[in-house]
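Single chain ahead, by itself, as structure tokens, in the form predicted on its own.
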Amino acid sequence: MKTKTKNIHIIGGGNLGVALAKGLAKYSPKSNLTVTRRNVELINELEDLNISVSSDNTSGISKADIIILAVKPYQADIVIKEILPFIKKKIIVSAVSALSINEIEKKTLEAHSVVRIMPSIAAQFGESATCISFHDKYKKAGSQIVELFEHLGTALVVEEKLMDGATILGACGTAYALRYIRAAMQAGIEIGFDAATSLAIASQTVKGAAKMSLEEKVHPEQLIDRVTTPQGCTIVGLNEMEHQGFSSSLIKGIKTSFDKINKI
């Protein structure tokens, strides 16, 4: 059975919207994509990937199967009111932080299937850890979105109460991981590598560690044990990092970000 080509309309051509569009264009070829942004000249490059762009949020939206809202929370009301007269029985996919399914249902007059997602900009490279939530009545639509985002990395269905946490651990977590890479790169320069080589080693090492974790599905400490040897250089480095608060500072940072999102 052939997979039907889906028309996907992404409202919001910021970093996340563009990352989703580029990822879908590359990894989900059965998608016709449209991205809208008021300053459309900032996303004209997407046309080189056969992605339609427009400054009009309603442009071609009546033909869309899936509408992805990739806008800021304060923009959501305006955008939904703008597109509502032009759509019927669509799958509304919201990447809007802190906006619940019930709230979206009310704003869309309970006339559409609603699914919440929290991807990261790594979707552009097919490596997003996307969390997805939907009510049982939207199970069919939710399954379609899970299948779609599996092309862009991992797609995990979580309870809606965990979506704020998904924002911090998955989306914000990209920045945390990159900060580690930056620090490792700087250390690499201190011990003798040029910047480009140090960055390449640090980045690939993180990629390799993530691959091990994803494929072996065991506690990270079991994998760490494979690298550490008695009286070796790895264990003394790990111990020094812990003495300096490596794990505790990361945990505190994640919890601080989580506290912040709950105040928005």
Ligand SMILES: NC(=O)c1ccc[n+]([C@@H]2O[C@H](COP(=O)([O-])OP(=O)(O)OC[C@H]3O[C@@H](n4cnc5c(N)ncnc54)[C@H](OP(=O)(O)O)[C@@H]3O)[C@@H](O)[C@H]2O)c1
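One-based numbering along the sequence shown. This one's a predicted model, so the numbers in the text were calculated from it and none came from an experiment.
This next part talks about the form predicted together with this ligand, which is not shown.
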## Note on the structure
The one option of Val96, Ile91, Ile104, Cys131 with any heavy atom within 4.5 Å of this ligand in the predicted complex is Val96
### Task
Sort through Leu109, Ile189, Ile78, Ala177 and report the residue having a heavy atom within 4.5 Å of this ligand in the predicted complex.
Ile78
### Query
Heavy atoms within 4.5 Å of this ligand in the predicted complex: which stretch among 226-234, 212-220, 191-199, 65-73?
65-73
#### Entry: this ligand contact at Thr36 in the predicted complex, heavy atom, 4.5 Å
yes
### Close approach of Gly14 to this ligand in the predicted complex, 4.5 Å, heavy atom
yes
### Task
With heavy atoms only and a cut-off of 4.5 Å, decide whether Ala171 touches this ligand in the predicted complex.
yes
### Message
Is Ile121 part of the interface with this ligand in the predicted complex - any heavy atom within 4.5 Å?
### Response
yes
